[in-house]
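Just the one chain here, laid out as structure tokens, in the form predicted alone.
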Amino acid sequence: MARLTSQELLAKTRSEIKEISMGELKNKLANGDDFVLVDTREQDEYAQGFIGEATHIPRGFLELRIEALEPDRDKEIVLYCAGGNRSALAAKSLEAMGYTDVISMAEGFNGWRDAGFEVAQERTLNTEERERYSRHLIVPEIGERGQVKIIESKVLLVGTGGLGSPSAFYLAAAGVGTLGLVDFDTVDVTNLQRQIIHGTSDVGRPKVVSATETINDLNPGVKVVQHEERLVSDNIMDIIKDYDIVVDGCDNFETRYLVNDACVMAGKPNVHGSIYQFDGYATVFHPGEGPCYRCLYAEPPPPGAVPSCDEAGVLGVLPGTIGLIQATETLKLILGVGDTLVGRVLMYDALDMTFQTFNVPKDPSCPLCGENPTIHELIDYQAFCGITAAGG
């Protein structure tokens, strides 16, 4: 076998693969060509800037992660490194794996930058964040860019009870940068059977305070904003305006309709959940993409027709299941991955241990989000649900 120097190997490799100039790559990006662009540089290099919508896979992990990124062996893949050498060797390696249309950008990122072409740059993780979220970083659908999206996201949780507890706990663990907590209640000993974010020593304390302390202990990097007040028509729009996504974990119909209407008017995704004894359901109401709560339930049930958890009881672990589904859907919305529950309702029966999903179309006659809406402002939701001010 002939012995080659590193330079001879590079020269041989570059003569055997397809290469593209930076000008040609620029034109492909400008034309919106369908191809996969991969940055094979190391993390510290990538942090200094990257090209377009490139996916970052360090050279040492390329063969291990490329199949998850692009399983189609005939898809056009353009690789680049700093100067064109590592990407050339990487292209040869992918060809050996059976990829048929792999191209290396000859001048590399340095040539691209020095030519004055546009360079993208975004927030990167620090050493502590990289360690904390290491299990996210190795998931191809998340990676560093996805984790940054999570850290920069702002999520409002309506309620810190049965559903809000697991949702808030896991969203904080995942690294959601800002969590808003809305709750005006205090911790009661009867809450502790299911509301896992609170403890025995918190009985009598405001729930938002108890939840904040638990979140801060779990992940000090999360900013918690306390809204210790009842959501009403007069304050909800001002509260939700600063958040990207609303997670509805409330337990009464007037608040459900209020949150739904406000989210539709503000264009905010509403990750909804509900529980009853052994049953639970979850869905995502996303304005402009699917139905809203009123499409499913145009009118609330008569007062007292549907008992609350206080009246009917609930299996303690049930809200954990539904709350975690809500947290999962929230993270999928943040990351822009997967098939969310927009337009679908997931129903869970804990006794039978079954999950069923039903498609729910948008109602064209919906008074809020239909073709000819008649609701243009928030209303008195206690009156709408037949609840008197004194008896709510």
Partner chain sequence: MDSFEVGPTMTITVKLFATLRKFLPPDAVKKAAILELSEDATTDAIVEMLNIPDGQVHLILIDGKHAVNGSPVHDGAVVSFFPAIAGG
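Numbering follows the first chain given and starts at 1. Note that the structure is predicted; figures quoted are calculated from it, not measured.
If you look for the form predicted in complex with its partner chain, you will not find it shown, but the lines that follow are about it.
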{"query": "Contact test in the predicted bound form: Y281 vs its partner chain, heavy atoms, 4.5 Å", "finding": "yes"}
{"query": "Non-hydrogen atom contact G336 with its partner chain in the predicted bound form at 4.5 angstroms", "finding": "no"}
{"query": "E63, heavy atom within 4.5 angstroms of its partner chain in the predicted bound form", "finding": "no"}
{"query": "Heavy atom of A68 within 4.5 Å of its partner chain in the predicted bound form", "finding": "no"}
{"query": "In the predicted bound form, the residue from V119, M97, A266, V306 that sits within 4.5 Å of its partner chain by heavy atoms", "finding": "V306"}
{"query": "Contact assignment for its partner chain in the predicted bound form, among E53, D44, D352, D34, heavy atom within 4.5 Å", "finding": "D352"}
{"query": "Among 343 to 351, 25 to 33, 327 to 335, 55 to 63, the region lying within 4.5 Å of its partner chain in the predicted bound form by heavy atom distance", "finding": "343 to 351"}
{"query": "Sequence-ordered list of residues in 282 to 303 near its partner chain in the predicted bound form, where near means a heavy atom within 4.5 Å", "finding": "Y293, L296, Y297, E299, P301, P302"}
